[in-house]
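One chain comes next, on its own, written as structure tokens: the form predicted alone.
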């Protein structure tokens, strides 16, 4: 029987809403699955045929430690998603690389630790004169933690936010806040083994004059959504650009493409989630079973090879 570890985190215990459906689907498919925390030093990961990253949501605060763990797991068994993908996707500088490949992204600017916060912010605002509001977020971050929405009159508060990030050795990403988010929310498109599975609507997370969340992740309002054809087209372009950039020769087991619409109504990439995204199984009946079926098919040859070597 194929043994698979579903990697979570001690801090995420009880918070992963995908986990019950995923464990149930694995059991029905004949996969022996177990949820284990990546930061539990007692776990022997080499006992498993594969380690599937799920709710490792605290990695943003200790990225080098997390990537070292990923590299160790990658040496001992199959890591999903693969290590090069994780190294690339855990830092939002990947957005600039996708934009350079022609992907329609939310335009943004990075403030690096060796840059001055206020002049950098002022230069960003001067280049986005149409933006009444903007967002400051860490380049390494998840769940909207340390992310905040500002108005143009709040430059100094925003610059202090940027300063806190770069003083901690973190890069900051500045982006215009698109008003369509308040009306339409975000669309997250889920792909399993390169095939579109389902989509959800994520309600607006950032409220005016509301500070950044101190929790592991911000509370979300999730509902099912039928993705538009233009959204599916852009999502496919995003995944193709990612695969070309990383020189991948096979689709990833899972990918989530988060889109929002600009002032003209065209979809744009907000984030590409390839490390630990929620997959929203409960909003798409049968999606957990479909994902696990593809996962079992992917792992079957590796399981057979491993068994023959024992």
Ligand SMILES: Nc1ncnc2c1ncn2[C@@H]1O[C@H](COP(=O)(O)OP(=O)(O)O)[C@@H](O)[C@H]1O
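Just so you know, these numbers come straight off a predicted model, no measurement behind them. Numbering follows the first chain given and starts at 1.
Not pictured, yet referred to below: the form predicted in complex with this ligand.
Site annotation in the predicted complex: the residue of 29, 37, 270, 246 reaching within 4.5 Å of this ligand with a heavy atom is 270. A heavy atom within 4.5 Å of this ligand in the predicted complex is found for one listed residue only; from 125, 98, 106, 159, this is 106. Although the partner is absent here, residue 186 is a contact residue: one of its heavy atoms lies within 4.5 angstroms of this ligand in the predicted complex.
In the predicted complex, at least one heavy atom of residue 177 sits within 4.5 Å of a heavy atom of this ligand. Contact check for residue 260: a heavy atom falls within 4.5 Å of this ligand in the predicted complex. Although the partner is absent here, residue 232 lies well away from this ligand in the predicted complex, with no heavy atom inside 4.5 Å.
Residues with any non-hydrogen atom within 4.5 angstroms of this ligand in the predicted complex fall in just one of 131-139, 115-123, 73-81, 235-243: 131-139.
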